[in-house]
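Okay, so we've got the same protein chain twice, two forms, each given alone as structure tokens, structure 1 and structure 2.
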Structure 1
Amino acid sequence: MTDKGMSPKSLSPENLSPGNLSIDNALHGLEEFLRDRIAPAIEDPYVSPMARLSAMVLRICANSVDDAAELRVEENAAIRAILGEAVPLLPASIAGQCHDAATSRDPGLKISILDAENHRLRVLLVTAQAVLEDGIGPAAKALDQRIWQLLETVETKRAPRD
């Protein structure tokens, strides 16, 4: 393998061959087959709509494969950043945990590992926000509002793509 073959440009998504049978490509193929060939051939009035729903679920899954890791890495980083900002406003009992989380890194890039880390960070975010809501002063209120804004951004990015 030459250095030219490993250049960043050649690894960019737009340079992948359209013939690459990626995971999302294969899932889309399954979805189309289920929707267009299998579902119409099923006569059972219960199973037929279930087959169509299965195709819809497959499509949503297929559309979430490519950037699944990127989305979680970015979300975890955003939560860490806001937990770091919260540390000075929190009681010592949870400030230490939030500081540790804010300076932590994702332990791996498997989706299951990123999800577990995401859950851990979200639990801390819920705890911190509950404290901030009870806090007095503009700094606590402003950070509480920014957490809500972050939750809006997270939900928008995680919206199912049909």
Structure 2
Amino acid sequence: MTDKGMSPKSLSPENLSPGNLSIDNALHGLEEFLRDRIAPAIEDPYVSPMARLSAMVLRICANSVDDAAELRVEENAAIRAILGEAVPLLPASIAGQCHDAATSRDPGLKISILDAENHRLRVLLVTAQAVLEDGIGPAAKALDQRIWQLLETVETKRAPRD
């Protein structure tokens, strides 16, 4: 059993009703079945580890699907917050765009839409950061460091989990 409560028997037809079936649940069920039932039954010393590796990839994919929207919504909110803080430290040529981005909202919850919004926000963040790196004063330097910390945190959270 995983922390999701899935087991190989969860792949039975009675458990695959629309209310129970989600992509992450299906992938977790397949992963467990492959890891716990198929891989141990394979005698080939090359194929058995490959089956276990395939099961691990399914688990990573399932977790990625489960986390996808939450991660992107949180990232976009964090980027907007920093862009809002950067506005007073930026020249007018970019401050208006950053203000508009800081007060914007995600246009939808589909991963493709969230990714497009994330890309738009990241481009503005990098542009603002380039200005802040050249800026004078402790506020610009401190915000530049916080941007670096945010980017590191974002990449750490997006790393595959098992």
Partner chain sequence: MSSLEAQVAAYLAHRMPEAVGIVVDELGRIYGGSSQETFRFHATWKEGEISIDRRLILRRDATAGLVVAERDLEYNVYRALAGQGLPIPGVYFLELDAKWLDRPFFIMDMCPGKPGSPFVLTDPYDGHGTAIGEQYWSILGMLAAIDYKAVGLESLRNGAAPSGYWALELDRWEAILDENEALIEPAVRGAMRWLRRNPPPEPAKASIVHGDYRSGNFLFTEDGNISAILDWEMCHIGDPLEDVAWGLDPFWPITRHYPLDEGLARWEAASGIALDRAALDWWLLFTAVKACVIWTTAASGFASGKNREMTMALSGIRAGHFHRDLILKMMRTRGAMG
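Just so we're on the same page, rigid core means the largest C-alpha set that superposes within 1.5 Å between forms. In this text, all values refer to a predicted model and were calculated from it rather than measured experimentally. Counting starts at 1 and follows the sequence of structure 1.
Comparing the two isolated copies of the chain, the second one is the form predicted alone. Once the rigid core is overlaid between structures 1 and 2, Ala41 counts among the residues whose Cα shifts by 2 Å or more. With the core held fixed, the Cα of Gly29 is displaced between structures 1 and 2 by 2 Å or more.
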